[in-house]
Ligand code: G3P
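First comes one chain, alone, set out as structure tokens in the form predicted alone.
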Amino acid sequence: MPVDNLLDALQTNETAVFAHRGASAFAPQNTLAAFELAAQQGAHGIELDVHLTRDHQLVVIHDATVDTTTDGQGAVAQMRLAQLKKLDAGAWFSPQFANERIPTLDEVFAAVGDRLFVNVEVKSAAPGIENAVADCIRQHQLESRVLVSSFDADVLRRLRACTDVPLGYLFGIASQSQLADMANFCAALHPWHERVDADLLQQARAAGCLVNVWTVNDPLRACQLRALGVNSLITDHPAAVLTALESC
């Protein structure tokens, strides 16, 4: 996919593949190791999650606490970056990833932002997180390579007020009126793959929205979604999904 602009890339005939929290089936999620592996496996982009620390730093981690994916305990929002950087974010997955650290969004952009498209999911509504994300994207000059998504409609509205970066509305279940409302200022709808059918695609297209689908790990389902015309698939298994898309 030799296109540098994310929106242009998503509108080609090739279904883009984004590695969910990196190649998270093979490396600890939301770490530089997982993002580098995603690039090695041929993913077009990565999906990651951000929270804001006590000292107003953006860190890449899925949960609101560090308990599940590190050797520490506590809420991310109550910890400073220096504290978080002392935690091991890899050993829980496999001994070979021991001493992998929680990355900052700055570090991820610096490491892979020029090689991979990035879908930044804002996981909290912490005061100031929207401006922090927008500022980080601007500082790295990645406005054309990043999409920001959230399940929280209010977060997306605040993001729209501070950045022109394309936005994606994440949902499992949503009414037609909700989707129509979000389509007014979001470039993309991000449905759970089991909610995707021809009717949803038709509604999205009528609203001028892209459709990026999560989380697709079954090769057969990946082919079904490609046939429906989705723009990208978010998966824990980028290599397997890419292979499936080449053959279907």
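On a predicted model such as this, the values are computed, not experimentally measured, just so you know. Residue positions are given as counts along the sequence shown, with the first one as 1.
Note that the form predicted together with the named molecule isn't included here; everything after this is about it.
Only one segment in the set 200-208, 181-189, 65-73, 43-51 has any non-hydrogen atom within 4.5 angstroms of the named molecule in the predicted bound form, and it is 43-51. With the partner removed from view, the residue among Leu167, Leu170, Val112, Ile129 that has a non-hydrogen atom within 4.5 Å of the named molecule in the predicted bound form turns out to be Leu170. Distance criterion of 4.5 Å from any heavy atom to the named molecule in the predicted bound form singles out Lys123 from the list Arg101, His140, Arg145, Lys123. Looking at Phe26, you'd find every heavy atom of it more than 4.5 angstroms from the named molecule in the predicted bound form. Shown alone here, Phe151 lies within 4.5 Å of the named molecule in the predicted bound form, counting heavy atoms only. Residues of 3-20 placing a heavy atom within 4.5 Å of the named molecule in the predicted bound form: His20 alone.
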